[in-house]
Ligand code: AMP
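Presented below, as structure tokens, is a lone chain in the form predicted on its own.
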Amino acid sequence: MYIGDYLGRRQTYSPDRLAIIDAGKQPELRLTYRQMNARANRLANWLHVHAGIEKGDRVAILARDGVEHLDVFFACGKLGAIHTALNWRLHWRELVGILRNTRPKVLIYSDDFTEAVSEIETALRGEAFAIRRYLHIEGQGIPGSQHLETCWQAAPDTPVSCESLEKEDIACLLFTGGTTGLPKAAMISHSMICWNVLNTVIHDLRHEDIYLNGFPLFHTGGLFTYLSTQVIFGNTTVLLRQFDPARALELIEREGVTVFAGVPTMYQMISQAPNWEQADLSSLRFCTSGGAPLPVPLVEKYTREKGIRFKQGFGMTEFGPGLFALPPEDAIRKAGSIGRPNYFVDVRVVNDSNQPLGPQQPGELVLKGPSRCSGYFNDPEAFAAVIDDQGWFHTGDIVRYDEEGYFYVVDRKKDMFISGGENVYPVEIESVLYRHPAVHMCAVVGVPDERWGEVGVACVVLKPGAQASEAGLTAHLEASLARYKVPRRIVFLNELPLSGTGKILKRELRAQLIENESR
């Protein structure tokens, strides 16, 4: 079997190559492909014999980043089971709802979340659905929980395979943010993983690359943007327990990292780290930024001070995740662009009537191609709502493209607000704010207004030691934007709410602003 048994096949080719450096462990853990495959076989054997895991069963993990995520993912692949990584930022009550929907037979968790898991176990006790086994990674765990490493070490490392596994079978569930209700679980097939690897190889990776992963492994950015391709290539990946800018700089230099990926807020944080000035980043072939447009002043800072070449990317949980790529040579010339579509992705920009639009006409991005997910787990209606009758997937992103075929994200449909009858796109305003030398991070959201329907509020975090006034930033915006686009207020904050991947949580920010105004 080769479908699903990624490590088994990799051990055949390069058993003694260094696969994983788990820099979150004390002491650090360095594992070859032979060792990684043995761990996955042992865990798969234990899960099958002691927890009854079969093809299609779900195995959930609630943990900070570490090699255990990969142990579970690759063990599930061997069994034909479905890896289900939970977002540790969620409240335990939200996790209970997700678990009731996905019904895993096993829940693996790190010590950080023992209290949450205790609440989860109590909430699910006595229900028709019950988790069969709780396994803790470290610490003592809840009563009745077993230690993960003790379990898999006691099992044999004999090869495990699921001979009935096919390429369209589901490898894992990844959860989308969603705007209402529980996060939707995108079903990621083995085929989807392979098509993403092809797109990544064509545009990015080479043999011998060393990748530092700063994304959480419950997120498509962590598990699939580069990591899965690194394994199939037989390359080395460095894991952080949780993103830390100073630690990231240390590891890039020490391990000779050649590829790093992050969202713009990560790059902002790295540039402000205490060891930024002395850090040697010469090993990096390029850095990839996605999730939001990378501010041009930040690109220029990295290029000027560290000689970094940036690739701008764009992807999503349900598709890819790699969809677009902007090569480093275009980083300045096409600043703000997400680049051109990856090789095996078809794209269109359409209006509200689903008719294709031409260059420089903003509209919704729709997609077709083999790297699309297989739907939402237990929610076919939600997936049907984003697929039109021609099979195009509707992303909810407003984009435009220029005459050379380079695409630009204008905004999310949900982030756009209407003020006095005019569409206002926060990304456009944020890009101007980032040109101000005092602005470290910013986010613009629309809030209710009796006269205009909605007005913009800009939330700004200043760089350490920098000063700026509301009047000064307003004047800066007025010099570049139409009057109706200029936020009605500018609020200075010490920090912005961030997701586990470093994205700014605009819904939380908007809710905070509305709540403060109502007091």
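Heads up: residue numbers just count along the shown sequence, starting at 1. The term rigid core refers to the maximal set of C-alpha atoms that superpose within 1.5 Å between the two forms. Just so it is clear, the structure is predicted and the values come from calculations on it, not from any experiment.
Keep in mind that the form predicted together with the named molecule is not shown, yet the notes after this line are about it.
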Quiz item: Taking T220, V409 and N423 together, does each of them reach the named molecule in the model of the complex with some heavy atom inside 4.5 Å?
Solution: yes
Quiz item: Looking at 144-152, 277-285, 310-318, 249-257, which one sits within 4.5 Å of the named molecule in the model of the complex if you count heavy atoms only?
Solution: 310-318
Quiz item: If you check in the model of the complex, is G291 within 4.5 Å of the named molecule, heavy atoms only?
Solution: yes
Practice problem: Answer yes if any heavy atom of I338 is within 4.5 Å of a heavy atom of the named molecule in the model of the complex; otherwise answer no. | Solution: yes
Quiz item: Taking the shortest heavy atom distance, is K414 within 4.5 Å of the named molecule in the model of the complex?
Solution: yes
Practice problem: Considering only heavy atoms, tell me if D397 and the named molecule come within 4.5 Å of each other in the model of the complex. | Solution: yes
Quiz item: Out of I418, L182, V201, L298, which one falls within 4.5 Å of the named molecule in the model of the complex, going by heavy atoms?
Solution: I418
Quiz item: With the core lined up, does the C-alpha of D415 move 2 Å or more between the shown form and the other one?
Solution: yes
Self-check item: Cα displacement of E454 between the shown form and the other one reaching 2 Å, rigid core superposed
Solution: yes
Practice problem: Work out the direction of the Cα-Cα change for Q360 and Y484 in the model of the complex: closer or farther than in this form? It's 3 angstroms or more. | Solution: farther
Quiz prompt | Cα-Cα trend for D415 and L95, given that in the model of the complex the distance shifts by 3 Å or more | solution = closer
